[in-house]
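Below, in C-alpha cells: the form predicted on its own, a single chain.
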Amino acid sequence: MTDKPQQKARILIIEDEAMIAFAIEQTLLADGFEIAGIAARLPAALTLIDGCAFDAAILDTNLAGVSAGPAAAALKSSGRPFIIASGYPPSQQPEVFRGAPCIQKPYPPKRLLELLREILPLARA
C-alpha cells in the first residue's frame, strides 16, 4: 500500500523564484501529482485561479515584491485549499494569509508533500 495520491491531484504552483518553482514541480511530479499551472506574478496567478482546474495550490506570499494577498483571497473565495510557502514566519504575514497551513522556506520536500495530503481531502469534500 502506498501513501501516494490515488487520483492524480492537480496542483497550482504560485512562486516567483524559478528554481524553487522548478523544485516544487519536480517534487510533485515524482510523487504522482499533476501540475495545473505555474505562475510567477500576481496577474498570472489570478488568471490561473479563475480559469484553470486544480485541486489545491502552493502560494508564496511575495511575488517579485508584490503581495500575493489578492491570490490568497481568490483561493479562499473559490473554496480551494492552499498552502502558504514563504520565507516569512506566519506571525509576520498579513491577515489574508491566516488560516491556511504554512510552511517556512527553506523546507524539506517531504513536509510539503505531507501538508498537501492533509489539505487535499478538503478539495474533495
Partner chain sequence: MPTNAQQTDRSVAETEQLILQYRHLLENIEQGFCLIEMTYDEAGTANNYRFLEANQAFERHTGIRNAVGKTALEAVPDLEAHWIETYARVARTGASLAFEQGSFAMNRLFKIDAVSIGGAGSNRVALIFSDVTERRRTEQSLIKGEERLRLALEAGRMAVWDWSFESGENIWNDAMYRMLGLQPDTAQASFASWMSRVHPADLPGVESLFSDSLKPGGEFHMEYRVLGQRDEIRWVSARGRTNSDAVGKVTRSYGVVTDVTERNLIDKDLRLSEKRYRRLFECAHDGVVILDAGTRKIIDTNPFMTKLLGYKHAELVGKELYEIGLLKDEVESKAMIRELNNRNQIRYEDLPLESRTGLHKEVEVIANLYNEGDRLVIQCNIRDITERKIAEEHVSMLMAEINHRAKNLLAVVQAIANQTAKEGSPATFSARLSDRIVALAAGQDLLVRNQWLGVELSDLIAAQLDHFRDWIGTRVMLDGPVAELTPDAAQGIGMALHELGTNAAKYGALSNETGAVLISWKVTKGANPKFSITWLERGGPKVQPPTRSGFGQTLIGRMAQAAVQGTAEINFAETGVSWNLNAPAANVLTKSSLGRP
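Computed from a prediction, not measured in an experiment: that's the story for all the values here. Numbering follows the first chain given and starts at 1.
Just so you know, the form predicted together with the partner chain exists too; it's not on screen, but the next bit is about it.
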In this chain shown alone, the residue from P94, G32, G79, G87 with a heavy atom within 4.5 Å of the partner chain in the predicted complex is G87
Kindly confirm or deny that T47, C52 and A73 each have some heavy atom within 4.5 angstroms of the partner chain in the predicted complex. no
Whether N62 contacts the partner chain in the predicted complex should be assessed with a 4.5 Å heavy atom distance threshold; does it? yes
Is there a heavy atom of R98 no more than 4.5 Å from a heavy atom of the partner chain in the predicted complex? no
Please run the contact check for A36 against the partner chain in the predicted complex: heavy atoms, 4.5 angstroms, yes or no? no
So in the predicted complex, is the partner chain close enough to L42 to count as touching (4.5 Å, heavy atoms)? no
